Structure formats: structure tokens, C-alpha cells
Ligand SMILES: C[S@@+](CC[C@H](N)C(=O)[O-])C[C@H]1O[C@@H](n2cnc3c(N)ncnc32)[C@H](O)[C@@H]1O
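Quick setup: one chain, the form predicted alone, written in C-alpha cells, and binding and motion questions come after.
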């Protein structure tokens, strides 16, 4: 099955209703845009742009899919160029064109191309934004080289929600657990070393590597409240286990806190990304 056929199929299956909604695959295209604009992910993305490139006017959206991000940026007042190799009206350039017409967006341009083959002049854009597309690169180094080439000096490279694997076994686990891989066989992932190396070789300096639990951009549709609940549940289990092992010592004031200070890593909060198949990372980088 193609990617378009896969999305068309899961829209008809009740068991995929939540996935369709949360991944912005609704057949009613403007609904996806409205929901994406209100998402914690997009709000946090705008904060990052405001922090690292507040004067940006132009955005190149690579791997734009059905256009939720490109249209949302255009509605925020940016001049946006969307690059998407899929021509379909479901999940590709056709869908972006429908949304452009719906919102009457003169500030949005659309090109059908792979990232490795974009044909724009050097130093054309203030921001290159790549959402859930870098891990699909046919040639990761070429993908990033082209992305950074078209950035203006000091421009912002923002890669969002890319799958990360630790090794081949971890990749196999991710592919086995991906809900749509069995239909279209198009998923992929790279290691952090591969991502970082490709970004740096392309001529950009990584400012931040956002790991899965570092930012709501990556763990969305979970939110901060969900994470606090996970931390609380984990700490409750740890405290129960400690009380059982420590016996009468557990009754002494501050014993558990002292135990945590000595024996638990600062990051050990019940948020273990190794238990998340294909956990997502994002990168903030600036062109040298």
C-alpha cells in the first residue's frame, strides 16, 4: 500500500480513530489545521522560533505532508514555502493546495520535491523547519546539506519529532511496534550520532538536542500533566519498594529522600525513553 492508501484505509477503521485524530489525518483538512494550531507542540515551536530567530520572515517547510504546519505558519504571518514529494490530495501537495485555497493564502508557495533535490538559491530562507521528515531521508547527509545550504547565515534549522534508535535491534523493535509500518513499509529511524553528524557536516551548529521527555514537542499528545502523573506513579512504586526493603528504617524522617539523593540518578523520574519504541527527538541548530 502507498502512504495515501494507508491513511485512507485507517480513516475507515474504528480502531485507528484516535491515531487519525492525534496525527492530524482527518479527511476534513481545515480541522487538522485548527487542531494543530491549538496544540502544545505548535505553541512550543513558536516559542522556540521567537527565542532563536525573532525577526524571521521566511520559512521553508520540508516534508510538509498534508500542510498543517505550513498553513499554520502562514496564518501566523510568515512567508512559507512548502516542499512535499507526495502529490496526493490526502497527505501530500494536493492537500496543501486545497488548504491554501481554503484560507486564501498568497503567502504560501508549494513545490513537489524530495529534500535532497530542492532547487532554491543559496541563503534563501530565515528558517528551515522539518517536521517528522528527516528520518525518512534517502540520504541523510544530502538531506541536511541541502536544508542548510538554503538557509541564510545565522538562520535557524528546526527539526521536529524524528524517530531515534540506539542500534539495529532497537530499530527492529520500533518497526515492529509502529502501528502503520505493516501497511506501507515506509518507516525509518537513525541514531543520534547520525543525526548530529549530518547536521554538523552540513554547516550548522547544534544549539539544543531535545530528547523525548525534554519537551512537549516530542512527547505530544502527552502533556505536562500526563508527565507529572507518570512521575508520581513511578515515585509511589519506588517508595513502596523502598519501604518493603528498608523495614523499620523507612519510618525515620527523610530516609526515603536521602535514599533518592544517594542512589537514584537525577534523571530517574520514571520517564524512561528506552521503553518508548522509536522515541522522538528534535534539534535546534543555527547556520554558521
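Numbering follows the first chain given and starts at 1. Every value quoted in this text rests on a predicted model; they were computed, and no experiment measured them.
Not pictured, yet referred to below: the form predicted together with this ligand.
- Per the 4.5 Å heavy atom criterion, this ligand in the predicted bound form is contacted by stretch 129 to 137, the sole one of 129 to 137, 198 to 206, 100 to 108, 151 to 159.
- Proximity of residue 165 to this ligand in the predicted bound form: non-hydrogen atoms within 4.5 Å are absent; the residue sits far from the partner.
- Although the partner is absent here, residue 116 is a contact residue: one of its heavy atoms lies within 4.5 angstroms of this ligand in the predicted bound form.
- For the chain shown alone, residue 190 is not a contact residue for this ligand in the predicted bound form, no non-hydrogen atom being within 4.5 angstroms.
- This ligand is not drawn, but in the predicted bound form it has no heavy atom within 4.5 Å of residue 33.
- Taking this ligand as it sits in the predicted bound form, the stretch 27 to 63 comes within 4.5 angstroms of it through a non-hydrogen atom at 62, 63.
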